[in-house]
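This document starts with one chain, in the form predicted alone, laid out as structure tokens.
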Amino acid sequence: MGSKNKLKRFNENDTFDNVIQPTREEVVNGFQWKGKWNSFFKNDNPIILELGCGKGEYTIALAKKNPNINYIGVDIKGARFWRGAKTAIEDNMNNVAFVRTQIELIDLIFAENEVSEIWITFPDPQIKYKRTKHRLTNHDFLKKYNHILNEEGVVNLKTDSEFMHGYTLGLLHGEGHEVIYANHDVYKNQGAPEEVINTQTFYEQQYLEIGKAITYIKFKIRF
């Protein structure tokens, strides 16, 4: 994507009511919507997050199917989620928002028990050992997710990375978390939830074209 096109998208994001782009200082010093997201949406509906949402395909697809649930895509790359934000506006979807921030700040964006469910779709697996702290399912991230999820809250991980799938399963079992469902090839093995196989991200379509297996885990965090 050219810099001119990126700039255009950044500028357009600034005009979208469904896009929030706080500075790090604003987040650290008391984010305005923390604990008040139902006021933002003007309802008391459940809140579901898509972390590292990219173009926001899951945020949009799930929000269309479930108009009585609020969906929030979180990503640091605003030029990517511009597509999802624009689609939500064009389709008059009032249950969608996007936040441009780093995922490690997630517990400063949402209050304790404020979130009902989390989707992590095709994250960077951060395979090198020195990148362990950046894996979105490591111990520290799970602690943050556990803080913002309500008592019945669940996490969904969908990835093309066998490494990420195996690493996450190992960590979940090792720490005593509850694995509700796991599938190492959702398109070949029956039983995957409808929302897993009926929504495909831009990158997922590319992976499928070259024959990569798509894996999925649904789990509850038990600290």
Ligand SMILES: C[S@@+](CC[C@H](N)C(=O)[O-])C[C@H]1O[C@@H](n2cnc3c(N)ncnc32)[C@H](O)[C@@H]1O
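Sequential numbering from 1, following the sequence displayed. Just so we're clear, the structure is a prediction, and the values are computed from it rather than from any experiment.
The form predicted together with the ligand exists for this protein as well; it is not shown, and the discussion that follows is about that form.
Participant: Check for me whether the ligand, as it appears in the model of the complex, comes within 4.5 angstroms of all of 121, 124 and 203 - heavy atoms only.
Facilitator: Affirmative, all three are within 4.5 Å.
Participant: Flag residue 79 as yes or no: does it have a non-hydrogen atom within 4.5 angstroms of any non-hydrogen atom of the ligand in the model of the complex?
Facilitator: Residue 79 lies outside the contact set for the ligand.
Participant: Answer yes if any heavy atom of residue 53 is within 4.5 Å of a heavy atom of the ligand in the model of the complex; otherwise answer no.
Facilitator: Yes.
Participant: Heavy atoms within 4.5 Å of the ligand in the model of the complex: does residue 116 have any?
Facilitator: Although the ligand is absent here, residue 116 would stay clear of it in the model of the complex, with no heavy atoms inside 4.5 Å.
Participant: Residue-level question: is residue 102 within 4.5 Å of the ligand in the model of the complex, judged on heavy atoms?
Facilitator: Yes.
Participant: Which one of these stretches, 211-219, 21-29, 195-203, 8-16, sits within 4.5 Å of the ligand in the model of the complex when only heavy atoms are counted?
Facilitator: Answer to the contact question: 195-203.
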